[in-house]
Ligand SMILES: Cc1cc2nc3c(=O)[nH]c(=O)nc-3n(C[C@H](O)[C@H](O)[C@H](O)COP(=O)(O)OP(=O)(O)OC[C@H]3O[C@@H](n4cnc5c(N)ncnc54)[C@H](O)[C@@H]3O)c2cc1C
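A lone chain, given as structure tokens: the form predicted on its own.
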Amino acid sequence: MNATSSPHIVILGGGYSGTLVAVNLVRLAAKPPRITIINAHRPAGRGVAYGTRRMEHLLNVAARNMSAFPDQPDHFVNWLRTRAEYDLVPDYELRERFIPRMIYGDYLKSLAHHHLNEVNHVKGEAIDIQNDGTITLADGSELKADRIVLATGNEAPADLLGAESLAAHPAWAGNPWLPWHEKLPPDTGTIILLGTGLTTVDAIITLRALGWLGRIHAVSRHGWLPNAHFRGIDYPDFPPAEVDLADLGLEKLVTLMEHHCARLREMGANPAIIVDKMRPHTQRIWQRFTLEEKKTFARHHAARWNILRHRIAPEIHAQIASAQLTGQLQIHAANIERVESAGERVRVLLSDQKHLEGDLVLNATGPQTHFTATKSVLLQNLLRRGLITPDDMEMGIRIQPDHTIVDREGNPSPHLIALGPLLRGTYWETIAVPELRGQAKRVAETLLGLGTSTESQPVMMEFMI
């Protein structure tokens, strides 16, 4: 790079994380660098989560907590005031509303239009990066970067045993973020949803909005559906003032949490209040855990944590409950052993010696989290040549505190920096807006040489409890 020229920063991924890094680079820099965003499929600024075109898909968090900027907490609510449909909504009500995700995508696009007029957008897929920062695209073209941001987002779900034989089967949908609803069976048919998390909730809400009247089965190991947000009580006793939660270790932390959850139950309050009050401390606790404690948490506590932590809008929860009460939706608690063709249908074999057959089966088991099994050509190439290396949990990329990627030899990369779900093993909590907006600001500060402000540290998400 010429000493007098602006550095060229290339962002791989144009979803929430990539867009917010670019926006922060522009708004924080005295003289913004040259920025290129490379995005393969969805429109830049929306990504998978906010690229939905269905108004029934709502945010899982109230509007008051969805600002894109940690230093401007009311930014999203103020933006909503520019839209006619929210003109007459009282402020206290608007702040507590669960807004359609499509509208939140409009918000992100508006930020891109406002801040990124000078940013170069390239539609394509990066498949490799050389040691000198040269990026190779799938079409054979190349471009040179001084710094490269990996903002590739969530992986598609991991393949289930037997799924390799179903790639062309008309009743199989292996990626829930592709338009599976375009091949619905008739109302006399059966749909099987593999998983009972947020993606399954989206699918059920879509089916109801489409007026589809057939039978729905949802299967997961525990059979737990997400809980609804709720209005709780003030509970100042947790965490105890004299206790640093990050110093306790897993066993003592679980004991303390169970004690306070029991107290809340005795008071007639929801014990999930404790999960909410953990949010300012979660990343620091995770980073202080030993590797064995992290593995134990992932094996024995993560499923319950995620159900309590990733809650849904009350109106969405009510629709799911209605589908169960009418008998349209049936939940199964079982391990999924394999999937296989059954003529025009797909058969799902379960661990309890039972099976289900569906006219459409959707893999909604959640993003792939075994990093070295990634299907990304780019990430596999970087792993092969040692430019990136897995974290201790093999859930993502190893980084330094400023998000600079660490290579296989333990050296900081001169070019690569990462954020988002790629850092799941480092931070655990790294998919919600409060974490991602803080990371986007921190990455921008690193790239601009500004240091790390307190505003870009993980911030508390004031859940509606």
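Start at 1 and count along the sequence shown; that's the residue number. Just so it is clear, the model here is predicted, and its values are computed rather than measured.
There is another form of this protein, the form predicted together with this ligand, and it is not shown here; the text below is about that form.
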Selected contact from T196, N363, T374, T152, since only one has a non-hydrogen atom within 4.5 angstroms of this ligand in the model of the complex: T152
In the model of the complex, the one of V61, I397, I417, A68 near this ligand [non-hydrogen atom within 4.5 angstroms]: V61
Contact flag, H41 vs this ligand in the model of the complex, heavy atom cut 4.5 Å: yes
Distance check, G223 to this ligand in the model of the complex, heavy atom within 4.5 Å: no
Proximity of A29 to this ligand in the model of the complex, heavy atoms at 4.5 Å: no
Interface membership of F289, this ligand in the model of the complex, 4.5 Å heavy atom rule: no
Contact segment among 117-125, 328-336, 230-238, 141-149, judged by heavy atoms lying within 4.5 Å of this ligand in the model of the complex: 117-125
Any residue of 170-206 that, in the model of the complex, places a heavy atom within 4.5 Å of this ligand: W177, D202
